[in-house]
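Presented as structure tokens, the chain that follows is alone, the form predicted alone.
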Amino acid sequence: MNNKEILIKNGISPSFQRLQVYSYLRKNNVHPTAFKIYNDLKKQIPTLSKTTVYNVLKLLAGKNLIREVKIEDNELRFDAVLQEHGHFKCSECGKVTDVFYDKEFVDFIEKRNKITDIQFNIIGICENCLNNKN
């Protein structure tokens, strides 16, 4: 299913800006901030506003087409990967990567509790940055 069909199926009118923001997130699994999305898309869409980007992100998150990822207190990022997973952020280069965990882990916790959301984040120094220090 293409991006336009996904938006329509989820009750979202596929305006040009909405399609561009959603496509950007699905193509670029870099867990960008709204500001990064705005800066990257502004090159292609000179009339794009920050408000439009924020509104589209809020709409997409509200329809569960993307996830809001809060790794650190002052930073909200966005992710189009909907499969349950966590994130690793390198404190040196700032890169954020997906960390997939075993479903048995979640099942074990869910037997005794009701899980409504999972935010699993790890902060450290990535392999690339460690290798560049040597």
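Predicted model, so just to flag it, every value in this text is computed and none were measured. In this text, residue numbers run from 1 along the sequence as written.
The same protein also has a form predicted together with a further copy of the same chain, omitted here; what follows describes it.
- At a distance threshold of 4.5 angstroms between non-hydrogen atoms, Ser13 is out of contact with a further copy of the same chain in the predicted bound form.
- Using a 4.5 Å cutoff between non-hydrogen atoms, Ile71 counts as a contact of a further copy of the same chain in the predicted bound form.
- Under a 4.5 angstroms non-hydrogen atom cutoff, a further copy of the same chain in the predicted bound form lacks Phe35 among its neighbouring residues.
- Proximity of Ser23 to a further copy of the same chain in the predicted bound form falls outside the 4.5 Å heavy atom cutoff.
- Partner proximity in the predicted bound form, defined as non-hydrogen atoms within 4.5 angstroms of a further copy of the same chain, places exactly one of 23-31, 105-113, 39-47, 57-65 at the interface: 105-113.
- Residues are counted as partner-facing when one of their heavy atoms sits within 4.5 Å of a further copy of the same chain in the predicted bound form; in 111-129 these are Arg112, Asn113, Lys114, Ile115, Thr116, Asp117, Ile118, Gln119, Phe120, Asn121, Ile122, Ile123, Gly124, Ile125, Cys126, Glu127, in sequence order.
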